[in-house]
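Shown next as structure tokens: one chain only, the form predicted on its own.
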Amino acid sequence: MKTLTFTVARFDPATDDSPHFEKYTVEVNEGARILHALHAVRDAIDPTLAYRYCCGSGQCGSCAVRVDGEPVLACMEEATEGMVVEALNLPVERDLMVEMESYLSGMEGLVPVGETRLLTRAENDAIRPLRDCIECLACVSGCPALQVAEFSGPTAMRQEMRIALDPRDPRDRVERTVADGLFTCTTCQRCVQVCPKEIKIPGKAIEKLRELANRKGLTLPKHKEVALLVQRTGRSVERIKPTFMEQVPDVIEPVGEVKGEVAFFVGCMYNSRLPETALDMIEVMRRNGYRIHIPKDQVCCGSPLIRTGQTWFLDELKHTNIRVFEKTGCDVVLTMCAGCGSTLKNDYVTPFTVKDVNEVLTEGGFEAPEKLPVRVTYHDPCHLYRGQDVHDPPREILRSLVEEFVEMPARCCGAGGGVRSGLPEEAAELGRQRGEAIEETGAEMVVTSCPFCEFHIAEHTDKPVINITTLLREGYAEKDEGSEEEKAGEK
């Protein structure tokens, strides 16, 4: 047995104006789950504590709550000292019980028409990734788009795709999903992160429904413009200045001996809009001993097309990129754009390994910079943190780089999934929330690893927004300046 002290949000709409927090100390077994701790409170301290549970084995979804802000199943998550247990981010009926019926009753079920039959193996395999949902609504609670826009939400979209894949129900679901906010999803993958069944709703449902919408001519106008630009130029943004690839040779040698060799997938934004940032990254890699190959006939990775359902010429882009990077002979392809990296890792089948620059630097070891006297926070790009599972590497770099690093909750800034271009008001509201979170940290500067995040967040904060490799280069410049001053003093 062990003693456990934790906090529970209590709320009774009949008597309370707002939730309040109460602390409890209970005796539980080692390895006890949150549900066991709640049982202990109810049985020994306060029998009025309200919460739901049923199976106790992660199959019914009824015990979903938030613990330290994260949606979890109370029966599956281990209880920890000091944890804070709250209701899901949904209308609260009482304490930890939320109102779910209105959401779940709005989702239609399968309606077979005509002769029913068993599914074929292929049909069953297509549906399988979507049918494990236990309707706990953890994804609905965690979805940032639902907090700022009219959207039926991830669980409903998953159900729509599950029906669309079933040949026994011939109803056309596409126009309904568009009306219900299909293009509202930022594809931030927060729903995947909190789903106890790890259902990949953005990739398996949202993006597939957007493909169906595209076939019916329902793609948003701004998204169509981007697809036509990629088809015409091989790039998703217009050239407005000398590009990165126009300024560099095919191969860039390191400073000193060669410690590693990579090929650089530049990405449209860093090539055409932020070439200076890409040049900063190159200098950081050179300083750390990397030879860098830059094939000039690489094209857009296709991420803007995949996220918006416009995939009719995606295979052509994939074939081109795989071919040109294979020619470099490099085992590792380096990315610095979160969206490009996630696409190459998750939507391509490559004969090489794809790694983000943060991964390459921390795995290979990087020269310690001069610590900069600044307080910074870090914004996790969704397609780096959740899309590539890269969380610790940028923090390792920042802790070696700045005097004070302060954490900020990882949340979508609103720039992804085509939302910034297609639904700018929604993107702006999510950006505004990021600005508020930045202000709460007291940071003097925001660091990130995504060009879209850099642009979007900069519009919603008065703090400088800088790429992590640019800041690292500044740290090296300070170090060099200090060395020069020391040498001058010795003379």
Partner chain sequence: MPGDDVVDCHVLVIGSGGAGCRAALEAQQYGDTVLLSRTLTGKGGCTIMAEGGYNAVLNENDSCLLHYEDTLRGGAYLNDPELAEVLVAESPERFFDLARWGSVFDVAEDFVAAQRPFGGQRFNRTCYAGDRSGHEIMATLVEQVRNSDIHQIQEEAAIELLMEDGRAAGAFTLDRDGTPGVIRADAVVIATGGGTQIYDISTNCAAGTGDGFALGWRAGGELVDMEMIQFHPTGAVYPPDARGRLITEAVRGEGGVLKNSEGERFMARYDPGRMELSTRDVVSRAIANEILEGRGTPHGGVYLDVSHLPAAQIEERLPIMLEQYLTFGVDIRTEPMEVAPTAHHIMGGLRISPGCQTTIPSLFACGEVTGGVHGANRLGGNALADTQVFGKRAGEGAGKAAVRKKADYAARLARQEERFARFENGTTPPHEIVSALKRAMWDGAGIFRTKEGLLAAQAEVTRLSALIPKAYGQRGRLECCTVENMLCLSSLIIRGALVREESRGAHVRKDVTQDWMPERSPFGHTIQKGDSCIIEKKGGAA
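Predicted model only: the values in this text are computed from it and were never measured. Positions refer to the first chain, counted from 1.
Omitted here: the form predicted in complex with its partner chain. The next part is about that form.
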Non-hydrogen atoms within 4.5 angstroms of its partner chain in the predicted complex: do Ala145, Ser152 and Ala179 all have one? no
Residue within 4.5 Å of its partner chain in the predicted complex by heavy atom, from Pro170, Gly109, Pro242, Gly82, is Gly109
If we test each of Ser400, Asn124, Thr320, Gln231 for a heavy atom within 4.5 Å of its partner chain in the predicted complex, the one that passes is Asn124
Among 301-309, 134-142, 409-417, 265-273, the stretch whose residues bring a heavy atom within 4.5 Å of its partner chain in the predicted complex is 134-142
- prompt: Taking 4.5 angstroms as the cut-off for heavy atoms, does Val255 touch its partner chain in the predicted complex?
  reply: no
request  = Evaluate Glu207 for contact with its partner chain in the predicted complex, applying a 4.5 angstroms cut-off between non-hydrogen atoms, and reply yes or no.
outcome  = no
- How about Gly61: is it within 4.5 Å of its partner chain in the predicted complex, going by heavy atoms? yes
Given that its partner chain is not shown alongside this chain, does Arg117 nevertheless sit within 4.5 Å of it in the predicted complex, heavy atom to heavy atom?
yes
Taking its partner chain in the predicted complex and a 4.5 Å non-hydrogen atom cutoff, the residues of 21-53 making contact are Asn29, Glu30, Gly31, Ala32, Arg33, His36, Asp43, Pro47, Thr48, Ala50, Arg52, Tyr53
